[in-house]
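Have a look below at one chain only, the form predicted on its own, in structure tokens format.
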């Protein structure tokens, strides 16, 4: 038998097989809140037979969203919006559920990919991104706010607070997003700071 279809235990979570539904950004949240789309999308993925379902990149603070449509988990309202989604999954599937916590850094305040994915200026309803330095994501764009010690502490606490919220929701595992040129990756790679 292939190892792909054998169980795997990760600390206290046992997967029925080693197939994982990757976190897929849906850009369908409203003010960070899960919508009916999340119920349909995640519900269908929960019935796939995979060993683990990972919820899309979930912003730890509003300014950490990639786009205005990003899912969030930063306050009681965004937490409550996930309750019915997870309740439906738990009712109809035994799949463990993970969540990817993220902060977009200088790539925040962007249009959805099908709208070009470029920075939404503050004057057009966007927000000022926060990053390791004031270098803009792309030449000609407004530079982000360079994080100082207080900003770094705020974001660290935002990740911790979102993790506590995820635990209250019964999320089985967390993945910290540190790739694709988002905030944590921006500290790790000079290439991530360039387009």
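Positions refer to the first chain, counted from 1. Source: prediction; values computed, not measured.
Omitted from view is the form predicted in complex with a small molecule, to which the following refers.
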### Summary
If we test each of 57, 60, 131, 42 for a heavy atom within 4.5 Å of the small molecule in the model of the complex, the one that passes is 57
### Query
Are any of the heavy atoms in residue 23 no more than 4.5 Å from a heavy atom of the small molecule in the model of the complex?
yes
### Message
Since only the chain is shown here, I'm wondering whether residue 100 would be in contact with the small molecule in the model of the complex (any heavy atom pair within 4.5 Å).
### Response
yes
### Task
With the small molecule left out here, work out from 49 to 57, 144 to 152, 123 to 131, 162 to 170 which stretch has heavy atoms within 4.5 Å of it in the model of the complex.
49 to 57
